[in-house]
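Shown next as structure tokens: one chain only, the form predicted alone.
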């Protein structure tokens, strides 16, 4: 037995039976420590342990204040006459409800100067005598003056084996004093088993999406990219017009895009974009381009980047986007998008395919297919599918392509190949964690969060 177990058994041999609360006072140990010691001794067959739960009443902070200063509505009568907005609202409501006061010409006037003791005041005076189940307590609970509190105690009974057991203390930690003069040779040491079950300890960890973001970020950095960030709120110019999306394109309508009140000032480069739109789409409305919105893709930031970088450049971004989508297992109205662009005069489509294969390989997604696709602002265009085992089918993970010259030349000032690809981050997390519905990533499931493996 360790030191405290020996002390507890010595005391129990004398008293035979006692409550943990009583033993904690005698041994100067907390009730919880006594309970743990008793549980350990019960496993050895030396003590029988019985749990007891009792319920009592406890004053809340508000209840303590009322007990100290008196009933709020009674105190309110001393503050009259005042306007209603200058008085305690709760106290005023109770005073009017009890007909202790009334409203006259926008002021509160007392009807009773010295009201008799109320039922609540009487109950507070004899709170110690009330049982938690008593009907009278409902009134005090309703006014939030008291709460029920649960008290847990344990009754310890020494067993027949415990009465005859040796209570010799076993050493659990060797000290300098034990080593001096060979004293340790005469001591009995507590044995420990590596097979003893102990409570599981869960280390703090990041959310799966945070882990996924960090993994994607590391992949891009390993490939020589630099990171960029953009605001959630932008305008239709950067989100659509600068990307060569015509102003009558269906994606710009309210059912797909979340528009906001107000307008943004257009940049100087909008004049060049206007010329392109008028040439290819037959017209361009400046007011439409000024409209503010929640960005629908991180490509809005990529468009602005082309006005800031000098070739060659490799930039990536990870950001939140918003679309008026129908929510299902792989779509949401809010989602993270990952996007990378390569601005290089010597780049071509084969380079893009190489970047895609290397990128997904580093993400731990080896089985991909690249097939022809269509996007308004890229030519050539491709879509990237991955094999999604939970659904036993291919799932689109992202789009890719080379930005059209009509997009690049007005923004960059010259026609330079710009490789670009983007993918949904939640879908990457679904792949890595083998989740068949992205909405599970946003549920507070502690068991899943604790037991999941780390991507890093």
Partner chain sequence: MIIEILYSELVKLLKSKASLEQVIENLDMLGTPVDGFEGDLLRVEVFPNRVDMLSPEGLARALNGFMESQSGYPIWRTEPTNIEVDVKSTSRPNVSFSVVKGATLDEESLKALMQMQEKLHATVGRNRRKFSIGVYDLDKIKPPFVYKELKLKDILFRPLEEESDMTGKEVLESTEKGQKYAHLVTDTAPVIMDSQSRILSMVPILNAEFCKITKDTKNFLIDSTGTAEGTENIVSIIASTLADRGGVIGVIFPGPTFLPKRVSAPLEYINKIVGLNLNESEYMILLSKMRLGYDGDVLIPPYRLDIFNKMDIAEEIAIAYGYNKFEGELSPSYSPGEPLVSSLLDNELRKLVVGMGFLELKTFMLTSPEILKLAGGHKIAAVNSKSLEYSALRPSILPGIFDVLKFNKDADYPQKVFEIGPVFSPEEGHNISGMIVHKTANFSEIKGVVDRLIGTISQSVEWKNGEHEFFMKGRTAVSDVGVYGEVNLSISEKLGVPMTAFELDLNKLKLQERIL
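Predicted model, so just to flag it, every value in this text is computed and none were measured. Positions refer to the first chain, counted from 1. Heads up, when I say rigid core I mean the largest set of C-alphas that superpose within 1.5 Å between the two forms.
Here the subject shifts to the form predicted together with its partner chain, a form of this protein not shown in this document.
Residues of just one listed stretch (322 to 330, 74 to 82, 267 to 275, 150 to 158) have heavy atoms within 4.5 Å of its partner chain in the predicted complex: 322 to 330. None of 102, 285, 121, 334 but one reaches within 4.5 angstroms of its partner chain in the predicted complex through a heavy atom, and that residue is 334. For the options 217, 170, 183, 98, the residue carrying a heavy atom within 4.5 angstroms of its partner chain in the predicted complex is 217. Residue 31 falls outside the set of residues with a heavy atom inside 4.5 Å of its partner chain in the predicted complex. In the predicted complex, residue 446 approaches its partner chain with a heavy atom inside 4.5 Å.
Using a 4.5 angstroms threshold between heavy atoms, residue 372 counts as touching its partner chain in the predicted complex. Among residues of the shown chain, residue 134 is not one whose heavy atoms approach its partner chain to within 4.5 Å in the predicted complex. If you take 222 to 238 and check each residue for a heavy atom within 4.5 Å of its partner chain in the predicted complex, you get 224, 225, 226, 227, 228, 229, 231, 232, 233, in sequence order. In the core-superposed comparison between the shown form and the other one, residue 254 has its Cα shifted by less than 2 Å. The rigid-core alignment places the CA of residue 308 less than 2 Å apart between the shown form and the other one.
Superposition on the rigid core between the shown form and the other one places the CA atom of residue 330 2 Å or more away from its counterpart.
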